[in-house]
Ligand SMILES: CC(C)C[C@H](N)C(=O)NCC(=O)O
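Let's start with one chain on its own, the form predicted on its own, as structure tokens.
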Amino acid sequence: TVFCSLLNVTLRDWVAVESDSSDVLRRPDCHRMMDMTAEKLQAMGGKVELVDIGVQELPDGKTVALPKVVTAQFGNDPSKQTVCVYGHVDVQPAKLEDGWTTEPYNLTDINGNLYGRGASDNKAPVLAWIHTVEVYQALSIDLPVNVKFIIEGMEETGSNGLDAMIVAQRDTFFSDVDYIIISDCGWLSRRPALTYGTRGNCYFFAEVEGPKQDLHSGVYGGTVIEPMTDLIGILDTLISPSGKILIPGIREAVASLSDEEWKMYQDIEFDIESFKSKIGVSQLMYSNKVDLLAHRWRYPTVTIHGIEGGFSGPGSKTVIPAKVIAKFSIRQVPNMDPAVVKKQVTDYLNSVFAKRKSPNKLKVTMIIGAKPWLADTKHPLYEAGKAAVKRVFNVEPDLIREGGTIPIAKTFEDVTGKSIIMMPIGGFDDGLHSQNEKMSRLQIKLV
């Protein structure tokens, strides 16, 4: 009762802050959100710091201050182990007119579901861990471990400045940390889960440039080799209609699916028909559970996200664009390496483009090179996680991966050398990054 009351009141205040890190005009809200987080932890008696991580350079060359990172510590008993909880309190954009049933920044309780932007990603999970400490305090019970927090305000736009801060504090803040917990993820179904892997992400721009300016298709069409035609042509060589990646070397680098892993996927609770219904499709790439989950989690994929340049607004415009930029990504998995993927993609597209004998210019750039992360599910940390889920929900958790990328996990692992567990608190139907995001009271009791 104490826990739920604390969470509901504080979460309402936190959701009310439009801490959209993608909108520079909302940057004051991001700063305010970090101040509120620090104040909450300070009021509980934690040793709190607001760490300055520098500035962000904008496309126009101007700079704006990054939200400070909040660190906090509760307890420093050398006889106890120390766990560090990571989270973020920035959010994705949200507007009522996007299709929300309720005001996105006004926490609304409907049938035990708490609706609001950031409710699940990631404000309620952060608060769940904070309030766990607070409940121990309220009941005058000693914490069984020392607890540290590291909470940021730029996760949704790439965690600007955080990697450098972690490196800088490796031998100070992280020196006595034994384990790191991340709850920036969700269950796969109604069955509780522990997450042990994420895919990485190599994000590319492919730019084709031709004439010095946009041209009229009626006047110049048929006389110039058009950049858009070249771009569409090379994009079509990335992946087959059946989903097979055509870039040499990509598929060959992927770690093979072991018998043990196949068995784990076989035991996971997952309904293909519900999955199809949820996303509104009649057919998927694969028709059985194991193949579908494996290609969602532990095989790479190519996704073409969009094309910048030319004409894409409503109505019609007869333009030959002078320059177009395709944006696509490759979700990478063990044993792929971003540096190798960058060379494979660049060499392949240049070779495909050369065969077109076009006078236009191609430039391929990789702007993100995030590595995948994979944990050992037999590690004592995961055994403890399984026991916790079993105690609260009276079921064994599913052991799952995330198809998306949480780069901070790999950074923590590489820089600090600490063991990491992803313990989802959000539900499978929470609508992360979507309309009507929510957090169920059922999930919160996990902590």
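Residue numbers here begin at 1 and follow the sequence given. Predicted model only: the values in this text are computed from it and were never measured.
Here the subject shifts to the form predicted together with this ligand, a form of this protein not shown in this document.
- When this ligand is superposed onto this form from its pose in the predicted complex, none of its atoms comes within 2.4 Å of a backbone or C-beta atom, and the site is therefore classed as open.
- This chain appears without its partner; in the predicted complex, the one residue of 337, 214, 308, 156 with a heavy atom within 4.5 Å of this ligand is 156.
- Between the options 406, 421, 399, 41, the residue in contact with this ligand in the predicted complex by a heavy atom within 4.5 angstroms is 406.
- This ligand in the predicted complex comes within 4.5 Å of no heavy atom belonging to residue 230.
- Among heavy atoms of residue 184, some come within 4.5 Å of this ligand in the predicted complex.
- Within 4.5 Å of some heavy atom of this ligand in the predicted complex lies at least one heavy atom of residue 121.
- Proximity of residue 12 to this ligand in the predicted complex falls outside the 4.5 Å heavy atom cutoff.
- Using a 4.5 Å heavy atom cutoff, 88, 331 and 432 all lie near this ligand in the predicted complex.
- Heavy atoms within 4.5 Å of this ligand in the predicted complex are found in exactly one of 258-266, 163-171, 277-285, 148-156, that being 148-156.
- Contacts with this ligand in the predicted complex, taken as any heavy atom within 4.5 Å, map within 190-229 to 201 alone.
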